[in-house]
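This document starts with one chain, in the form predicted on its own, laid out as structure tokens.
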């Protein structure tokens, strides 16, 4: 998978797996990752699918309607990529935290739904339930923060509430930050995620 890796300055700090939204690229969330931890390693990944020329991590059939076969394929590809990148770049595979926005947050959520406890924690900005046709594996010990808009035009409020319920039922420890700025990634949302990260994963 096309990606960029920036080695951190602290060997004990995590590696952030950065997953962009629709139309983004592997560099989109580098600044966000650096905001969360100035010493962390950054692994920005570009989605392999194109929708009207815009990179995505998996195909969709319409707004909020995912191509589930493609989602499974791309999710397993991403899980394998994390293993390969850890060897290639020499980072601690057991100290990876995923940070995703929108489409990137959705494939991150599906990592948990289909593969399991593959990272140490997650910061998911505006995620949706990736699918409802699988049994979510045991996610005990996984820590997940989610940012969501109460009036998000792309992610209905119920999607965040129900995703949270799925994760909790599987054993994950979760927190949700709500705002009323729609699908935007706000400064308040970033600050909340940073404080949660420092209290729970740093």
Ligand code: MLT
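Just so we're clear, the structure is a prediction, and the values are computed from it rather than from any experiment. Residue numbers count along the first chain shown, from 1.
The form predicted together with this ligand is left out here; the points below concern that form.
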Residue (of 141, 64, 137, 31) lying close to this ligand in the predicted complex, criterion heavy atoms within 4.5 Å: 64
Among 141 to 149, 36 to 44, 159 to 167, 56 to 64, which stretch has residues with heavy atoms no more than 4.5 Å from this ligand in the predicted complex? 56 to 64
Does the trio 75, 110 and 115 actually contact this ligand in the predicted complex, every residue with a heavy atom within 4.5 Å? no
Is residue 176 one of the residues lying within 4.5 Å of this ligand in the predicted complex, judged by heavy atom distances? no
Please run the contact check for residue 98 against this ligand in the predicted complex: heavy atoms, 4.5 angstroms, yes or no? no
Does at least one non-hydrogen atom of residue 22 fall within 4.5 angstroms of this ligand in the predicted complex? yes
4.5 angstroms heavy atom contact with this ligand in the predicted complex for residue 154: yes
Residues in 124 to 140 with any heavy atom within 4.5 Å of this ligand in the predicted complex: 128
